[in-house]
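For reference, the chain that follows is the form predicted on its own, supplied as structure tokens.
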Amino acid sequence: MTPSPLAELDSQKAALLRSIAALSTLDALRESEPTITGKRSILSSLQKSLGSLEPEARRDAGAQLQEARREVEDALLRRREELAHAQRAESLGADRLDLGDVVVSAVRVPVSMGHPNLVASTQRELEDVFVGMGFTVADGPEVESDWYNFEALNIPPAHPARGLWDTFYVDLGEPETVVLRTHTSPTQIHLMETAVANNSLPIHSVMPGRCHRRDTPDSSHLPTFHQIEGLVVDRGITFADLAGVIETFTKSYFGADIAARLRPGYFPFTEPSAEFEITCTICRGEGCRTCSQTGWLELGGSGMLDPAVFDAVGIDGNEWSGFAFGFGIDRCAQMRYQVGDMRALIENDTRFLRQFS
């Protein structure tokens, strides 16, 4: 049996809490933050290692890891507030002038504190939901070759579907076409190639990230947006498993009163394919501008992996099966926080931003 990568989680968490308590200045805290909670931290390394566990064990380990992360982040926030208070007190003491019976001191001017962008916090919330369901989190490059962004996903040159993903091209002086990725699906190709090379199938992973398309901005579209996709490759996977994952996610993230539905769709890299929609959280199904008066909002696409995709990465489709799904993080933020127009997410209007501080 493979030992759990979280066997030393308690001692590692305790070490992180001790290191936070030992921080004596805000500068030291800022320098240490990447190794405490950032991508270079032991917590991020442990999250990536969960892929070696069985699905049931991965769910339990994921929940433990997220609880440990919350404790460490809370401790870091408290320590930051303590050090900031101490620094202010020291600064005021240094600025205090004693002129005999007259005392002149600085007046504290209230300063608003920053907070994570609404899209960034939504991405973290989505990752937490899927980690709790047994998925790992993977990322990939934002600039991709034409092969990874299109051809390996069963979208050859001149395929009509390329019109749906009109993108921005990067001129690197190379014969191979390079683009800003139009979806995070290329990361799925990287994952499957790595799994084949390392003989590490199955895969249960989600891939969040930034994408680009030549879309005209409107109330529900942006040319630069954020997407999260999921990939499952295992033995005996069926469309029922896909429907179950989407239903579980919808209830976990949006609440028990929000419904999801699947309807037939088309995507070159899945067959059969389905688009999934949720009850519009703005009007609760009554119909509004955001949902085009339908009461439903399309959240993303999904389907069973097309055999052509398995062939492109060298996976035996007779032994393995799988599904993929994807949807917009910005759209989730819009639905979760009832934002009527997605363009508000990028306009930097402080009157809007203060609502989520």
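Numbers for residues come from their place in the sequence shown, where the first is 1. No experiment lies behind these values; they were computed from the predicted model shown.
Keep in mind that the form predicted together with a small molecule is missing from the display, and what follows is about it.
Among residues of the shown chain, C291 is not one whose heavy atoms approach the small molecule to within 4.5 Å in the predicted bound form.
Under a 4.5 angstroms non-hydrogen atom cutoff, the small molecule in the predicted bound form has G301 among its neighbouring residues. Shown alone here, T122 lies farther than 4.5 Å from the small molecule in the predicted bound form, counting heavy atoms only. When contacts are judged by a 4.5 Å heavy atom cut-off, T270 counts as touching the small molecule in the predicted bound form.
Interface residue among T279, T187, Q227, T136, judged by heavy atoms within 4.5 Å of the small molecule in the predicted bound form: Q227. Residue A324 is the only one of I315, C332, A324, L50 with a heavy atom lying within 4.5 Å of the small molecule in the predicted bound form.
Remark: of stretches 177-185, 215-223, 74-82, 252-260, the one touching the small molecule in the predicted bound form is 177-185 (heavy atom within 4.5 Å).
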